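What follows is one chain in structure tokens, specifically the form predicted on its own.
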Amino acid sequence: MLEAVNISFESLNMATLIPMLVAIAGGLVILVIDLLKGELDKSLYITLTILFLIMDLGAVFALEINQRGFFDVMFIDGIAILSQIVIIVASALFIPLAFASQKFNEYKYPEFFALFLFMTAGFQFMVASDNLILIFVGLETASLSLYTLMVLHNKDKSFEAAIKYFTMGAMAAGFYAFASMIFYGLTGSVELYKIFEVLQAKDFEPMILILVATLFMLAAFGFKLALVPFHTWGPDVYEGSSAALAGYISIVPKIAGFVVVMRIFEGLIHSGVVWVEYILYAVVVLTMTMANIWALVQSDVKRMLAYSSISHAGFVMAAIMIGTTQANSGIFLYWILFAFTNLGAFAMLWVSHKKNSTYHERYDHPFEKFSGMVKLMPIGAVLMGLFMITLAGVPPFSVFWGKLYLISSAVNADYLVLALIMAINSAISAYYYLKLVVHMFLKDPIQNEDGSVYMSNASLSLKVILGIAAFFTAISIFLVNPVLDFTSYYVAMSGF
């Protein structure tokens, strides 16, 4: 006969759920307001979204490090807090873009902002748990919201992008579920730390099962992070999304995916499953190198930025494979420095967009459209040039120090060949970033079909966001050490 088990409310430690509950409550509040009083100005929903994100951030800072909650499925370590901070701050920077022109159809709907908050909560659940089931719930909550946000753009390419993203996401979900099933069958647990304990204690004869589970898990997150050879959907999804949402996709979903990959694959390597390292090595080299080669031949700036984001993901995966404290600190340093710059670069694509104009029969942002930009929009050209040379890793700009720190972590861990490959790929990437700079500063403007040469849609809110991105991109040269100390503190508190 089963005995009833009494669980006290205090033992659930519900405080660990407060940040996610704040975001979810914000989404529900927006939906209720729209239900009670429709056709309100979108500025109300934008303000509410930012307010709830600020409250969410405050709740994260209030969390205690290294605690568990809600039947031990929540795991709040330094990595969980640090990654939530990055996710919320990047989300808060993205939302004010909705104050800009009425050009983007999705901002008219209150549901956009509710889904955005639900998506943020999903990413937070992903990074704040080491339970395979809760990670899956967070992953699908965020993914389903993101698919819908893409469709709300209401363009032919956005429908195509959402369908591709949904198809790849569904496949990734299946791979993840299958891998989790195998890990549970082998170890009897869905808690990562228990899985690693069992793997470390036992000498499994059917190593093929661990190999299969690992490969399926890698494929699942390979699709989510657009790692080679699972990247094919990436450039099309970026192209079909609005410039603002494409910039968001290149930053926030990936940091959530990287944290989960860090927890899973570093745990497998430390548990003695050494061949995982070799598999990751191949994926890292392919992702960095092939993405750079494809970026070199792109005719569209947005697709070039999409491939460059894939290459940047390869750099971060290299740090995850290395798995040292220095490398893990470098992941967050690199991604924080990359976030402001990449957001600014995609926002500049929005500024450069001219409605009802065709610069190219296939692409919206061909390189030729930016020709002579310095003569037509001097400040815009200077800002875009700043973002490009920063992404290229030209010293002394911030991303250079992020790349240098990751390369030094590879050298310190005796991955000398990998460090050389990372340095070569960094040099290759400079070419396609500087190609855009050449078009902007050294070529003459090309007239559009209607006789126009350029059109700026930079509203006040967009100028403010661009100003923030440019300001942090410029002064981050002097903030590398403080940011590194900040990330190192939380990584050290996580046990990684």
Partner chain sequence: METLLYVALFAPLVGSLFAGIYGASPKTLLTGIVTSALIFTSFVASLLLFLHLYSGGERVHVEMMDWIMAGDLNVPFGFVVDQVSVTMMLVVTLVSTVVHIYSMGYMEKDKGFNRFFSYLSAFVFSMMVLVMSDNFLGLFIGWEGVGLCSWLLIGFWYHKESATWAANEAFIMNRIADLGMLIGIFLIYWNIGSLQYDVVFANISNLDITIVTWIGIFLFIGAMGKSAQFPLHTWLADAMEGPTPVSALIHAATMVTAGVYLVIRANELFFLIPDVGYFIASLGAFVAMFAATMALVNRDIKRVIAYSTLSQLGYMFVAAGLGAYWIALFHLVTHAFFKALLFLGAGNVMHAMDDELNIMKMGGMRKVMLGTAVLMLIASVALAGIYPFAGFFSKDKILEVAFDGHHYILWGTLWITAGLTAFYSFRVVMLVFFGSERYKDFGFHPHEAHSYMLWAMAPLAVLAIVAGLFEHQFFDFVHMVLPHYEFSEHTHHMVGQLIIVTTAIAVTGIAIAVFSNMFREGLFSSAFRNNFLYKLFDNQYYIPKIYDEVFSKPYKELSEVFWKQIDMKIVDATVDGIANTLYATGEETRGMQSGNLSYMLRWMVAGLLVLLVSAVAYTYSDVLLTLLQGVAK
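All values derive from a computational prediction rather than experimental measurement. Residue numbers count along the first chain shown, from 1.
One more form of this protein, predicted together with its partner chain, exists but is not displayed; see below.
The candidate stretches are 331 to 339, 142 to 150, 408 to 416, 295 to 303, and the one lying within 4.5 Å of its partner chain in the model of the complex by heavy atoms is 295 to 303. In the model of the complex, no residue of the candidate spot (I54, R68 and K463) has a heavy atom lying within 4.5 Å of its partner chain. Although the partner is absent here, P229 is a contact residue: one of its heavy atoms lies within 4.5 angstroms of its partner chain in the model of the complex.
None of the heavy atoms of L31 is located within 4.5 Å of its partner chain in the model of the complex. Contact between Y281 and its partner chain in the model of the complex is not found at the 4.5 Å heavy atom cutoff. The closest non-hydrogen atom of K435 lies within 4.5 Å of its partner chain in the model of the complex.
Contact annotation: of the candidates F94, F223, F265, Y238, the single residue with a non-hydrogen atom within 4.5 angstroms of its partner chain in the model of the complex is F223.
This chain appears without its partner; in the model of the complex, the one residue of I379, V198, L211, I133 with a heavy atom within 4.5 Å of its partner chain is L211.
Contacts of stretch 306 to 332 with its partner chain in the model of the complex, defined by any heavy atom lying within 4.5 Å, are made by Y307 alone.
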